[in-house]
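Two forms of the same protein chain are encoded below as structure tokens; each is given separately, as structure 1 and structure 2.
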Structure 1
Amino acid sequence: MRRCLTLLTLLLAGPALAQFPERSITLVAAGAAGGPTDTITRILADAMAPHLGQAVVVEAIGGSVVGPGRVAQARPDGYTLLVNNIGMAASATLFRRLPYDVPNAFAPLGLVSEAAMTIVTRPGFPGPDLAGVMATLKARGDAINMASAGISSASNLCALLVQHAAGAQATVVVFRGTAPAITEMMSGRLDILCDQATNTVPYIRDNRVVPWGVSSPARLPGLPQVPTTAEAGFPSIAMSTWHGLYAPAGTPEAVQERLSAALRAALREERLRRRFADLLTDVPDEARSTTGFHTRFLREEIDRWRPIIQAAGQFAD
């Protein structure tokens, strides 16, 4: 009887799946309006819409939990999707109580973008290289102020890597985003910030902050003079701030594949690639923008960050 009902359900759903989508799709950006995740999501929405034949509407919902929670509870029909960053993986450990189970509440559709992090300091901070910066951090410990944009932010995760590599505990100052942190750094009241190159490069080029390393495997074309953290002797400070596209768990596989195919097509668009390049953000290769790869990648990232977060004792309710 159950087999007959399942077959009947598939037969009835078939025409609807073949016509998907029949109306506009909402992309929930898990970040504040105007922030990096919102910006990436809007570029993606513009590029995906022609490949789906429907409007793609962006709704920015700030906070580490609210946006993902909205999508986790949405009807699994492919019309409400999530774009989230590396905080998606970190939140599985950072928050003691979440209204959803990160690896099981979502259907990952593919990676959207990857961007390197930069380690910068205020002018005058002791160098002359990243090793010197790390030595100062180790020697002075909590007398050093280091910025964070919140417990699940990429800047905070990178700060954990930096402190662990230095064998020191800085005084972490939490800001509402990294823009005010850079303002504090330029005034001399903040010592160290680890933030994505998208945000720091304009200030680096104006000599208002000093770069010491980039977390990518290779030097950035926009900052060829800045060594990678591996070149500087700290290979453990390797990470990217990435964004991924998600549907609610239980979304039909045919709908998932339709959305994932539209994502891959959008990432091939020259206009999107130019806009990402302007943000010093990389477009993942096509193999990384699939449901299978992203499902594995998310679980690997959860496993990677769990011991780092637990060792730092950073948890939130």
Structure 2
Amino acid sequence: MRRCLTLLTLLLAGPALAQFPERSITLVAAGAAGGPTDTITRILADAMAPHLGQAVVVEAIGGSVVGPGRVAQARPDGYTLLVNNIGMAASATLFRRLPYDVPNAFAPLGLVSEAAMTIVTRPGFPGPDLAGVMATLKARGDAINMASAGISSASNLCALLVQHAAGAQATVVVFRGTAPAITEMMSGRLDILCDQATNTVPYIRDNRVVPWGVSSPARLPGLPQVPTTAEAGFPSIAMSTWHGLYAPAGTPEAVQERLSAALRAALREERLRRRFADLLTDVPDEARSTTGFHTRFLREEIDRWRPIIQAAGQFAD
């Protein structure tokens, strides 16, 4: 009887899996339109579509938890996926009540990108270097506005590190993503933003924001004039951010593997690699863009950020 049932299940599931995907796939980007998560997701969607034989549609949803919440509740059929950054790991500790349980609500499919953080200010903010920016932050405290894209965002985590290193408490202004934050900076109303190079580099190149430090161990090839935070005297501002692709937990394993393979194929595409390189964003080593690696990495990142967030005493309901 049991064997008959297994056979029946295989007969029913087999053709369905063989044909997956049969219609377009939605990638939910956990960030405002035009921001780094949206940008990464759009580049990925273009590169994945030919490998899936279907259109891949991007929906940018700003705010820390709305996009992930939407995907956690989606049917686990592989047609609604999430791209989210390091905030996925941070949110597991940050929120006392999260509408989903990060390690158990999602099936990690692989890393999509890795990028250094950059500390930028509005033009006219006093320098002449990162030490000068930090001294102004310390002297003026809450008269300085710093951006955050929501409590568990990459920009907020970096803002924690910057304020801690300066021994100061700025006024943290919360946006739905770092795209609206950078618009505010160009209007002169926002002083400091620490955000991934993916988002800041086009504005740095146009001299619309001023870069003072990069958080990577070495200078970025595309920004050779900008010192690392360690070189500038602030080694504790050390973090890079990453994006990963997720399906809702319960997605059939064969569908997860099909999507994960399409992710790796997309990351090999020359066009994607050129667009990432232009935004000083790294393509992860192929072994990091697998379900197994991403699952372990997410748990490690949750453990890495827990004490930092606890030490900063930052929690949200």
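The term rigid core refers to the most C-alpha atoms you can superpose between the two forms while keeping them within 1.5 Å. All residue numbers here refer to structure 1's sequence, counted from 1. On a predicted model such as this, the values are computed, not experimentally measured, just so you know.
For the form predicted on its own, the corresponding chain is the one labelled structure 1.
Panel note: of T241, F297, I40, A30, the residue at the hinge between moving rigid parts between structures 1 and 2 is T241; all others are over 12 positions away. The chain behaves as two rigid parts between structures 1 and 2, and the smaller of them turns through 22 degrees against the larger. In the core-superposed comparison between structures 1 and 2, the CA atom of P217 travels 3.8 Å. The shift recorded for the CA atom of D129 between structures 1 and 2 is 7.9 Å, with superposition on the rigid core.
Here the two forms are laid over each other by their core, and the C-alpha of A143 is off by 8.8 Å between structures 1 and 2.
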